[in-house]
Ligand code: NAP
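Okay, so here's just one chain, in structure tokens, the form predicted alone.
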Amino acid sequence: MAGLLDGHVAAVTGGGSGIGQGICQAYAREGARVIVLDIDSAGARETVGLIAAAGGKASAMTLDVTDRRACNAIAVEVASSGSISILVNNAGINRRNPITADKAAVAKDWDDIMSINLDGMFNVTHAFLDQLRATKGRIVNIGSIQSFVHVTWPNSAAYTTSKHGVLGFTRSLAAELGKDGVRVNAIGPGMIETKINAEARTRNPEMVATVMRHTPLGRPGKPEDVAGPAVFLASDLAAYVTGSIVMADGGFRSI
């Protein structure tokens, strides 16, 4: 039985752990050849190992998305063995720090978050743009429930701003690249349980409880809960879907 992504080549940033790793595995199961991009080389290799063990095809490449030259070089290297037709901009960080906190710390958090969550998304997309236009490709950007809301997290101005930016970037590119046959969409995860946020969840049980009180499904998500929408948006099932954000938040925005 053919997979939904047979014949596609997918590049996934931040593919070495968490949501990115889940998306990489799901894409490989659906027949895509996956290029796992991550600043964490060991994590990227781990994802490749998981995919290979399941019979899929993947390769790992080390990439710092804040390094524009490196992004361009990676795109050239990838093109030598076949252009990508799917790009997932998943790499991102989050720090919660009130804007009234120590000025130096707040400024550093702002710079770091914007350089990865926004500039990094631009750097990678721009580097692969020629390939995506040539293949009439699909771009999936990972936003957040904080692409819309912020009141639950009054201490994360930088992260909230960056995720609003992801949604704006998604809609702008969808409007511009539609004529080239390129579809651009986003996913808005809610609270997703990953190794990266395990310590924060343990340290802030009240924050977790607050989110769960606003989540009709009554549980945190898992990477596979985001991977499903990511497969849909990258597949031909979503052939007439662009400029949209699919919420994978357990219903958080409904109440």
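Since the structure is predicted, the reported quantities are computational estimates derived from the model, not experimental observations. One rule holds for the numbers: they count along the sequence shown, beginning at 1.
Beyond what is shown, the protein has a form predicted in complex with this ligand; the following relates to that form.
Exactly one stretch in 178 to 186, 101 to 109, 78 to 86, 137 to 145 has heavy atoms within 4.5 Å of this ligand in the model of the complex; which is it?
Contact criterion met by 137 to 145 only.
Can you tell me if G190 lies within 4.5 angstroms of this ligand in the model of the complex, counting non-hydrogen atoms only?
Contact check for G190: yes, within 4.5 Å of this ligand in the model of the complex.
In the model of the complex, does N90 come within 4.5 Å of this ligand, counting heavy atoms only?
Yes, N90 is a contact residue.
Contact between K195 and this ligand in the model of the complex at 4.5 Å, heavy atoms?
Result yes; K195 sits at the interface with this ligand in the model of the complex.
Even though this ligand is not shown here, does V211 get within 4.5 Å of it in the model of the complex, heavy atoms only?
No, no contact at 4.5 Å.
Have a look at I51, A32, I35, L63 for me and say which one sits with a heavy atom within 4.5 Å of this ligand in the model of the complex.
Contact with this ligand in the model of the complex is made by L63 alone.
Counting only heavy atoms, which residues in 35 to 58 are within 4.5 Å of this ligand in the model of the complex?
Residues within 4.5 Å: D38, I39, D40.
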